[in-house]
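One protein chain, two forms: both are listed below as structure tokens, the first as structure 1 and the second as structure 2.
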Structure 1
């Protein structure tokens, strides 16, 4: 039967009014499983009404000023569905851009249908943004395909939510005869009954079963058993159970990543942190970004850098030497035309800086094998004409080894202030979370000193990883033991080092 309110909603076709309420599937946990459309509507939400299962970082996609309403948690347990629906209708009628963020897919046991019906009958335009359902994604993250040639030609998703539902709403005996995969959501508490009913329907006691708790999240944990063994295994909700021959496959990948669930503090300035965090996340880690420094414009507002950029265009420099990607970005911001480099040769202290140059269309003429000032000096040519000029755009405070060495070699060096690093004041709650992390990555001497000043030397995670010798020296000076130093002084090298320190065997085990 079609409820009357759905018929009443026909006017939505060809509507003029803008959509105000979006029912968005957040996916089962891994924030990467949110759809592009979901991210788009979150980015312009004024109100976000979210469940408990939605990953907290998804909420960061909404504008900072957006109202966030957690309907998964409240002192008396979860908010009642009627109250959620009333809230959506009230906010929708007020014309706010509302995102209702739901675990998995909104229409797979998500009560999204009820919410959409209420919106339709209140005349509120809405949009459904489907999500990646746990029914498919959780098995996939546990290495179980829900269909597989020769093993299963169908899958059925059923609820095991309440005793009456398990007893009356699902025809388990019939399901047992289908021969395909059975995916049970919300069924952990009634697994004894489910097992008995399926066996009564003729499903073999030896049928493989996998129960996956907190799938797609760092805490993911699987238990493998059989239909007969299911009542006796220990498993807690929220879990997805997969029953059928496919549950005997083990294509585990997610839990094999070497840093699975390890918490690693990333201390770079916010605009630099993402590359390091992304690489750590790819290996399964949970990065905690604590900016120890922030980048600020030079004290003179960039006047000296602008003048140096003009001198470069006039052909006054033989070399430009970059010691950081920041300096590359700041100098390029002052250039109107990359041909300003004209006849000047370009050096990068290491591969990271070299990549920043390559992104601007400049292939460095010199990248030393050792990514430190001493390595660059060793590789740097002597001037053909003594007193030829070198531009060194860099942070306000930096080591003097490089300019001194270049001058000793006969170059005339202009140090140009391209940016300043200033201490950041991290949120105390973030510092508390960071104190209990597994490891911390330091990428420069200034991140070391500023982090220790903010957090305290006694609240440094057990494994300290450093990008190179200068950073290590700063840590040692501050009384910190460095567990591992990157052999290649780049973000990739640092990630390799921290991986070696945290997962010496290379592979984590378990499902």
Structure 2
């Protein structure tokens, strides 16, 4: 029978009051396993109460001004569940949009039911956003299906978190008789007792077992054994154990990613880092985002850019030359739409800049084979009429090779400040983590200069990857050895270069 308080709370959710507390499952570790609904509610959260199992990158989905409360650790140890529940109730009563971000699924050994009951008793509207449970995801990432025709038609999920629970709360002998697959969460410390009782129930000593530590994360590592050998294998928590015939299957895919477990520092500005981080993460790496720069508005507040945009719409430019996707975004923010270009031709340095233009409805007339200023100058036409005008929206500080070369060719060049790159102030803890990483990616000369200023030249990871020759030159000038430079001066090219440097065989060595 449902308590009246729960019925009342559910009725409020459905018919009158807006939801104020969301109990969201973050999944077992891989941030890509967060559900779309989870991402939606995080995007409008005012308070995020998260535990230690939630991937830190998921917190970036919340608005910058949202309060983030870590209840997974404190100077005296983990925060008590009663204190967490009281916090949710207090924030909910205050009317804040609260997301309780929990590892895995809130209702699978996540104590989400306790939190929901407390919210219901307080009359606070809530919503449960299910998450991908480690009981299914971790075996999948290890290449083990929990069911498989001819091997297992069912699976049972149990917890082995405490010795009393293992001894008294679970009938292991009965589970041994049921058959199918047994998935044990948080049971590594008691694997000796679990093994003994399953064998006492009649499960063969030769039954395959796989223990997966840090499943779905770049640190994932698996140990394969048998039920008899389980007590003696070297495995530490947190780990998920799969016991049954399916554990003998090895459909490995995640551990074959070429950068599995590698830690790579990403130095791009925060609003640009996601593309590079996502590509690295897809290859199994753990990106460490330490922005060396941030993007700021022009010093004049955009007055010159606005004037140039009006001149463009009036047809006063023969060419517009873009050297970065940032310049594309800033200029288009001043335009009504792509029609403002009229008869002006458009050039883009680098395929990434070209893609940014294409996303705005502009196909560049010129993208040089070499993604540097010198490459563009070699391909750029001479003006039909000397003094014809070229607009060059760019960062406040940049090389003068391009405008000087265009002027030498007979063009009149208007350099327009579209944005500024300013030094960031990285978190010292991130700099410490980055110092022991496997590689670092530099995407511009300014990222090199500013990162070294913040971290020091003696705290650079052993493998330095550069996006192109200008960036490489800045590193060399600073006394940094560049291990690899992208042959294609794009994010994709940079990722290919890092992959070649860290995993030349194309396969990861992790288990």
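These numbers come from a predicted model, not from an experiment. Numbering follows the first chain given and starts at 1.
**Student:** Which number goes with the form predicted on its own?
**Tutor:** The form predicted on its own is shown as structure 2.
**Student:** Assigning each C-alpha to the rigid part whose superposition suits it better, are residue 245 and residue 137 members of one part between structure 1 and structure 2?
**Tutor:** Looking at the motion between structure 1 and structure 2, one finds that residue 245 and residue 137 are grouped in the same rigid part.
**Student:** Quick question: how big is the domain rotation between structure 1 and structure 2, taking the chain as two rigid parts and the angle in degrees?
**Tutor:** About the larger part, the smaller one turns by 12 degrees.
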